[in-house]
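Listed next as structure tokens is one chain, alone, in the form predicted alone.
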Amino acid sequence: MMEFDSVTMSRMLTSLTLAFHIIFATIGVGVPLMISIAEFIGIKKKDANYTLLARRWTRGFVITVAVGVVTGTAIGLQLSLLWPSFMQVAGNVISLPLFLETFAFFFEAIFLGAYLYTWDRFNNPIYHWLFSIPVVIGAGMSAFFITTVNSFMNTPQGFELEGRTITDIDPLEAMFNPATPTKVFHVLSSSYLTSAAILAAITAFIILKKKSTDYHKKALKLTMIATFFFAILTAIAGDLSAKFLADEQPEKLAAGEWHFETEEGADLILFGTLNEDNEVENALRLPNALSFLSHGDFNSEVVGLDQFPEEETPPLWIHYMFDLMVMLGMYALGVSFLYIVLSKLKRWNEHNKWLLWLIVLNGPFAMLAIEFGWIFAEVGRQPWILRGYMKVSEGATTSPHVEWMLLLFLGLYILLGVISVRVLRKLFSDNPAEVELEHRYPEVDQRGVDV
């Protein structure tokens, strides 16, 4: 049986927790915005289809929030248990955003409760919609505060380190470090994109499996337009992130792009392989594109891995994570653009079988892009846990029993995943949208519009 040291086991358990938690965290940030948009459209158009969309999405959202609370708590527990040396050094600096993230969650939860229990309680439905705004803000605030912690780990500032003691702490300077703007922008835009893509994928799958209704057609149109809009924002965020890496973390960009020598007019390398001499083979090269991506100039100089000690170089396999993230993001942009174009051309059917299957695939692809992006971000910081100050091997626990925690949490996540899927299926399969629309809004016609 293979044996791993405590550092490796700690990394494995943290990776497992983050990979599972990020599914629910992403949905938790993005879906509230989609709920708010749907209800607002329903109110303005007096269209019960959109109002019902908001109602049904809210039910599913509550389930994901419940699971996200469990996995989020697990992350907080593991920070202290698995990375005690890191928390001893950095805990006093990141305690403020961690506290504020908890505050943001409770802020969101309070208004989510009000939103859930005040349906049909107001003569003017716009007052109920107003409760969705704090939920959207709270979800965004949670993402912002927790992302500042990750940003701090990449570009730490706002303190002085004397041995293993942090002094002269400025928590606001630490929170608003150089990585914060681009990371927050990228996290928020990609969360909105992924949530819209998942909702669109579910809708497209339902249309494929049974006769579509106006409810499903309107749901697909709304989610695909949102997917296209947020895909554009995510692409912009990705471009800004690349320029940030070129300036602040050039070793991560160089490892991610297999850029070994500092040069002007650097090529962008897509996929490919490395031989024994670290020479790139079987790759697609875009001439001078890396220079443009890094600095907005096709002839600019891009720092290569030759400027960094080998022991401080990230693993080169993150190149594939970067490429997969970008390719899947472009897929989302392409599919959503194709849907919009076909919906505008009356002689083409935007609900044709092949396009619907492409939309179905876009849901899991978008979530995979999130996973690949975070793997690139975290592994690309290696060997540092706190860049320039503490390496991963220095921050981990020395306990020999981490493997038992790994098995325990693996079992917990499998159980939570199975329960979540079963509850969500039960929640919606036993109560089809068209039946609920007729039951809740008998005064509307078949298109869902008040008559």
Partner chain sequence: MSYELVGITVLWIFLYGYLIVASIDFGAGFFAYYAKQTKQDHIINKIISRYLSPVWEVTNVFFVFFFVGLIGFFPDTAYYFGQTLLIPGSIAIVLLAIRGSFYAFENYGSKQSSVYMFLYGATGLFIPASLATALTISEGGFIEETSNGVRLLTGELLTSPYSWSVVFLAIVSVLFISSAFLTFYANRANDKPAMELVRKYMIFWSSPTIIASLTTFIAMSQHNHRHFEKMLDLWWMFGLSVAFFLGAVFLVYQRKRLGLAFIFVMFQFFFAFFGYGAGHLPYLLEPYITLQSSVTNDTMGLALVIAFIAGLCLLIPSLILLMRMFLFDADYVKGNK
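Residue numbers count along the first chain shown, from 1. Remember, it's a predicted structure, so these values are computed and weren't measured experimentally.
Another form, the form predicted together with the partner chain, is not on view; read the next lines as being about it.
Residue-level contacts in the predicted bound form: of T273, S80, N352, Q307, one residue has a heavy atom within 4.5 Å of the partner chain, and it is S80.
Site annotation in the predicted bound form: the residue of Q157, N150, S85, S212 reaching within 4.5 Å of the partner chain with a heavy atom is S85. Although the partner is absent here, F105 lies within 4.5 Å of the partner chain in the predicted bound form, judged by heavy atoms. Taking the partner from elsewhere, L427 is found to have a heavy atom lying within 4.5 Å of the partner chain in the predicted bound form. Contact check for L368: every heavy atom lies farther than 4.5 Å from the partner chain in the predicted bound form.
A residue is said to contact a partner when one of its heavy atoms sits within 4.5 Å of a partner heavy atom; N288 fails this definition for the partner chain in the predicted bound form, lying far away. Of the stretches 378-386, 40-48, 26-34, 406-414, only 406-414 has residues with a heavy atom within 4.5 Å of the partner chain in the predicted bound form.
Three-residue candidate spot L324, M327 and L358; no residue lies within 4.5 angstroms of the partner chain in the predicted bound form by any non-hydrogen atom. Residues from 85-114 that approach the partner chain in the predicted bound form with a non-hydrogen atom closer than or equal to 4.5 Å are S85, M87, Q88, G91, N92, V93, I94, S95, L96, L98, F99, L100, T102, F103, F105, F106, F107, A109, I110, F111, L112, G113, A114, in the order they occur in the chain.
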